[in-house]
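Before any questions on binding or motion, here is one chain by itself as structure tokens, the form predicted on its own.
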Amino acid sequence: MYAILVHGGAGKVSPERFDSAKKGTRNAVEAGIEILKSGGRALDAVEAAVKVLEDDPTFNAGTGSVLTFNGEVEMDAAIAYGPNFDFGAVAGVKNIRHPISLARQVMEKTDHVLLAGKGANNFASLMGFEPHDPVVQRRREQWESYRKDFLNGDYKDWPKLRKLFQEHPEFLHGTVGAVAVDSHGETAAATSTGGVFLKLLGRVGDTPIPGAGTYATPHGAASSTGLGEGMMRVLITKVAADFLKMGLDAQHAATAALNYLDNTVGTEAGIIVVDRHGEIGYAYNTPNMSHAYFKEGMKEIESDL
């Protein structure tokens, strides 16, 4: 039984973006369904779904990523293939359209797990990725406004930066992700992000770290979203995968993993999970987490915030 579930990031979605967020996640699920319903692989489905989200400026991934403190875009992405515990990731890549596809190339074309910075961009050129500017005008305007406040002394360090995020939580969480299981019982996960608004150059979050933002095993797959510094400390997607191995279904695994996070580091987050039986689960402790899913036998895609 095949299934696919995607998320567009946990945090707060402003009312004027409700429709675009729901449409974007539904479009991503549709891209995955086209592959799964014909007997295709979960790995191909999650990559296709995340590429749709990377092309949608509604989300903080690929085109439309938030800017660093210096006004650049540095993107992270990871893809995981459950049957073999395979994993490929990139961190701090610039000027490419689909970081998720570059992460897959790392997994399939190299003996490495993670490439970062200039080395990752050099690898992208070697693999034939064309240069692409991911900055959109809306993100540039946001950056100019909030960087000005920061430099005026309103936010001098991370504790005060938290105040900015409390007042404008839509800038804090923007990761996108997908998890799927195909008709052969294979699982996969994919996650992509532009990171945290006004982050320092070189900052790497949870997305490309195995077991933190992305993970897949023969038992299931998970993708998380939220403030990566917290999720890296507890490896939330590995926690979810461990619960699946213990026999929990996808929904209970997602809920239990988020509860574990709440009871340890207390980070705002969301997580999506699929198990090898085709069941899906999700949980979040933020006002919103745009998501959509489809399971074999359903008549239409379900989506919500």
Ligand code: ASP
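Computed from a prediction, not measured in an experiment: that's the story for all the values here. Don't overthink the numbering: it's just position in the shown sequence, from 1.
What comes next is about the form predicted in complex with the ligand, which does not appear here.
Taking 203, 112, 132, 140 one by one, only a single residue has any non-hydrogen atom within 4.5 Å of the ligand in the predicted complex, and it is 203. Scanning 231, 73, 124, 100 against the ligand in the predicted complex with a 4.5 Å heavy atom cut-off leaves one residue, 231. The ligand in the predicted complex comes within 4.5 Å of a heavy atom belonging to residue 225. Proximity of residue 175 to the ligand in the predicted complex: non-hydrogen atoms within 4.5 Å are present. The ligand is not drawn, but in the predicted complex it has a heavy atom within 4.5 Å of residue 196. Among heavy atoms of residue 187, none comes within 4.5 Å of the ligand in the predicted complex. The stretch in contact with the ligand in the predicted complex, judged by heavy atoms within 4.5 Å, is 204-212, chosen from 204-212, 124-132, 178-186, 101-109.
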